[in-house]
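Here's a solo chain for you in structure tokens, the form predicted alone.
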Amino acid sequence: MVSKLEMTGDELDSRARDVLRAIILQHVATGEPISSRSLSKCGQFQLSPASLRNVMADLEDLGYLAQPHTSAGRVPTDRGYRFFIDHLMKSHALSRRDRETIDGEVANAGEIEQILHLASSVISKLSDQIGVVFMPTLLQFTIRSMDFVLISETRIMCVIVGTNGVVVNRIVDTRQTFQREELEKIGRYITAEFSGMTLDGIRRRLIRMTEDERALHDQMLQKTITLGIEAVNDVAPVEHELFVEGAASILTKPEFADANALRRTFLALQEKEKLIEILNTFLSEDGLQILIGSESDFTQVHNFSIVARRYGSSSAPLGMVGIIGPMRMEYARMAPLVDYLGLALTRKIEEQEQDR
């Protein structure tokens, strides 16, 4: 279950905002609790350490900061991070190099598998976090056309073009033998009959057609139905598609340096259904989505944050792309990275649609 903390912009005065922002930025950079003494040395405040301590104590009382040890400085809480993200964060402009890297990779993507692998890999490398890409089951994929290419007597490549321009290729192993001319005829028939339908709808209709009187006596129709069902079953497995790249990046994060914490984290990444549930929730949301700590069971237990956005058209979102990392994350840099990649994938899909 996802339940974001609700923060109103007038909860803190300008001094408290400045102190909270400075503490979060220093903590993200160092990983250490921030003391009033270290805060006063940054030169940003014309306040004594004692005055800063008072402001920090007030922020702690309000739930924005916590003190891990009596003698230590303070660290941001989930509430502090949420206020920072909603009201204080100034996203960094994406560097030219990062934009060119993303654009260059996306330009080479054509098939859906390429998109999934590419997006999770490139976002992991650029962010030094765990890259994730989610796409709901392809059973809801709406087709524009379906073609079949003969590879061998019993191996056929099925090429499906979606209404969103995405191309899906699969090799279908069939028990029947087909001639090239037959496959061309089958492709034309399925495209004419089923264009605009989802793969799930196509499969259901083909299964019903097996009971039609005509199908019992028309050998060509029998072959069409059989190949169509085999193709849809191979192309659209029931399971969701979830790609996770860069899990080794957590080895460099101090939050997971402890052997037990590291083990729990790797086990968490195998709990794909919980992650899928969160990303599925985000699929209906516009723009960038940031989930931190206590805002979901998954992120709370494992001290994670998730930064994600959907890609694909607003009327037919294809999936989610994002990163997973510790709550002590450089959100101001992660947010524009994820946002740009999501938009780049969307542009790629729209370009493919216009070209077809």
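The numbering used is simple: start at 1 and walk along the sequence shown. Nothing here was measured: the structure is a model prediction, and the numbers come from that model.
In what follows, reference is made to the form predicted in complex with the DNA, a form of this protein that is not presented.
Asks: Of the residues I34, I323, M329, I290, which one places a heavy atom within 4.5 Å of the DNA in the model of the complex?
Replies: For this set of options, the contacting one is I34.
Asks: Quick check on this chain: which one of P136, G246, G73, G187 has a heavy atom within 4.5 Å of the DNA in the model of the complex?
Replies: Of P136, G246, G73, G187, the residue with a heavy atom within 4.5 Å of the DNA in the model of the complex is G73.
Asks: Heavy atom to heavy atom, is S48 within 4.5 Å of the DNA in the model of the complex?
Replies: The answer is yes: S48 has a heavy atom within 4.5 Å of the DNA.
Asks: Do M56 and the DNA share at least one heavy atom pair within 4.5 Å in the model of the complex?
Replies: Flag for M56 set to yes.
Asks: Check whether R347 has any heavy atom within 4.5 Å of a heavy atom of the DNA in the model of the complex, and answer yes or no.
Replies: R347: no, not in contact with the DNA in the model of the complex.
Asks: With the partner left out of view, is Q67 within 4.5 angstroms of the DNA in the model of the complex by any non-hydrogen atom?
Replies: Yes, Q67 lies within 4.5 Å of the DNA in the model of the complex.
Asks: Going by heavy atoms within 4.5 Å, which of 175-183, 73-81, 94-102, 189-197 lines up against the DNA in the model of the complex?
Replies: The contacting stretch is 73-81.
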